[in-house]
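Listed next as structure tokens is one chain, alone, in the form predicted on its own.
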């Protein structure tokens, strides 16, 4: 298999087709479902539950007693506890009639499988030992994986990213592959990356409330960082690193040394590996010392994408921005994926406020591949907008009508017959020209595009919940049918779909 094109091969091989769904969706083996939490046997466990912003402990049901005034420096245990909680902590426990329960997290996940683990690297903190910790979401604690100051190694393996040295805290996200592969098989990698983006979306949105500036890092030498966390790379691997300094860091992109995004060596990619692992290994950065050669400009740039369809009928999206004066934390607690919409509309002004927050309120969205991710919006029931397919130009805050029409039946069908899509007021569809992105990032582009789409998708989630709307992401769809509806060539891959509408009944995740 051509490892230089493994991302394109993977995407093609994991497309859904109506005629093949029976073989693509195999019966679930419930007795083989992986545990949603990691377990460490250690005496060095730090309980963060006393610092939760709650009245009762969600795991024990007991009242949370007020904690004494914190003196941690440069950040407190309370700040770290809340940061982890609102990033991907357990925000609710759903009890089933058979006695089993589901621990629901702050970030949405495909199928309730939660493949993303969080690790915390700390140094020079007055109340925590230097080291790397695993966040135990099942009881809201930290366990020490490796004691010591590893900042030199972390900085080196992340190509001396400018935000690492001034930071005393890093959050590292990993994927436990089998948690999602158990249900979604080879297509699971798509879901895993989107889930990692959801978690990142919460972190970026909430971190400022605890006094942190977030700097997501996607470029690192995979096998060296994985080794630092004692990870078995066929089972679990790092997807992103986020540096969290407490002062802003100036980063000059023109001075940044971009590593060569080369494919993994052929011998490291066994033909016996599942396609999912072949892509992950093939998208890994292998060499610490090689810089990327000069690259030819690609057809995509932020300016070029902003000009697409500029001759079409244009609607300027204006309105009052969302008021986040009370903070984003409460909205994260309320976030649940909507399971049914009423089919009723919401206003163009609400759509404008939602998109403003999701795209324009941060200049770092998308975070990893800003010149390649594109957004189409299928308007089904928005007051003040004609039904049809639109292109969204975020920098200009414009919707450009590609063609008008009622496409509810089509959206229902290409979202695998989900009524959620048919009854939505709008569908936000992320796409990208994969080959163009690969000219700059190689196979790693696949990671970046999906994590970016998940990140924006989570911002859409938070904005919708704040506005009282329903929202749910859809990672399963008939890829080529979506291309056909949008009028896009198959080289333009469909990355993610987020549905928006008026929620019907109670929301569940």
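Just so it is clear, the structure is predicted and the values come from calculations on it, not from any experiment. Positions refer to the first chain, counted from 1.
Same protein, other form: the form predicted in complex with a small molecule, not shown, and the subject of what follows.
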Using a 4.5 Å heavy atom cut-off, indicate which stretch of 238 to 246, 386 to 394, 156 to 164, 106 to 114 touches the small molecule in the predicted complex.
-> 106 to 114
Tell me, out of 277, 194, 181, 90, which residue has a non-hydrogen atom within 4.5 angstroms of the small molecule in the predicted complex.
-> 194
Using a 4.5 Å cut on heavy atoms, which of 469, 474, 52, 462 is close to the small molecule in the predicted complex?
-> 474
Is residue 420 close enough to touch the small molecule in the predicted complex, meaning at least one heavy atom pair within 4.5 Å?
-> yes
Find out whether any non-hydrogen atom of residue 281 is located within 4.5 angstroms of the small molecule in the predicted complex, and reply yes or no.
-> no
Residue 339: touches the small molecule in the predicted complex, heavy atom cutoff 4.5 angstroms | yes
Looking at the partner-bound form in the predicted complex, is residue 335 within 4.5 Å of the small molecule by any heavy atom?
-> yes
